[in-house]
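The data below hold one chain only, encoded as structure tokens and taken in the form predicted on its own.
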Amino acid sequence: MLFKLLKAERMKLRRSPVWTAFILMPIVPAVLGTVNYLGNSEILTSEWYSLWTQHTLFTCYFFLPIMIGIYCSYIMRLEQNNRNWNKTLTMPSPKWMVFTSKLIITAFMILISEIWIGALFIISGRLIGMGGALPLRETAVWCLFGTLGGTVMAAAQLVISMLVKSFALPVGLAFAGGISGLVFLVKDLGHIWPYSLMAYGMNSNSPQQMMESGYVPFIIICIVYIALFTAAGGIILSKKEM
């Protein structure tokens, strides 16, 4: 049944222009980050690592949260506007599975964006003549864990978009969440706040240091949050009039 739900979500995605934002929008922070790096190259002396901090400064706290908020609002708005909830919720499948199918599709879009972000990072570095060995392994790890942390944010935004029928308000909350993620990271609490986990996973503030607490605690925290939000989404779908 999950595969049928995923197929339905994929068909909705194919007909939607929203997915193109996941490809086009990361270009903007890549350009801004590269320009910012070139303008401060005298103090940003760690080359590839410094360039990564500038790219992720704009990506993790502004553009990706907004993109995730837009997509989550869109797929929930689609169900509400076309009265698809009645059909979807009468299918012989657990309500948490309906929520999970939407989360998996959103996570897939985040993964595509993360791969593109990593590619833009490498391309930008080469275009400005940056030498040295390419940090391919590090970039892959950053993007992979960024996807996991971004999935936590997506799970939270899907719940919010179910509770708030407005399209714009959940997007605004996603943007506010991105800003709050920066605040929690500055206070060394980024590893526990759901809206900080994407930036934390991408090592946006200290790319030369991999996670001091290790990968396992980060993965566990993300899984716990995803499970909690998925359970909440299933409960809401079971009890709320859609």
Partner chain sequence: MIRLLKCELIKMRRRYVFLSLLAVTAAGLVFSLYGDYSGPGSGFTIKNGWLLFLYQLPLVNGIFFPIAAAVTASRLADAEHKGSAFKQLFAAEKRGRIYDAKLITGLVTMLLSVLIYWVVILVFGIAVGFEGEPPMGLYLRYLACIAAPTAVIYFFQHGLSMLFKNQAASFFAGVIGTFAGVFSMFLPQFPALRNSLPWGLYGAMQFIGLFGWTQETRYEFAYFEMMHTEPAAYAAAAVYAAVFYALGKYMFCRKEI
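Predicted model, so just to flag it, every value in this text is computed and none were measured. Residue numbers count along the first chain shown, from 1.
Missing here is the form predicted in complex with the partner chain; even so, the following discussion is about that form.
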property	result
Segment assignment from 96-104, 166-174, 138-146, 123-131: heavy atom within 4.5 Å of the partner chain in the model of the complex	166-174
The partner chain contact in the model of the complex: Leu13, any heavy atom under 4.5 Å	no
Val35, heavy atom within 4.5 angstroms of the partner chain in the model of the complex	yes
The partner chain contact at Thr59 in the model of the complex, heavy atom, 4.5 Å	yes
The partner chain contact at Pro194 in the model of the complex, heavy atom, 4.5 Å	no
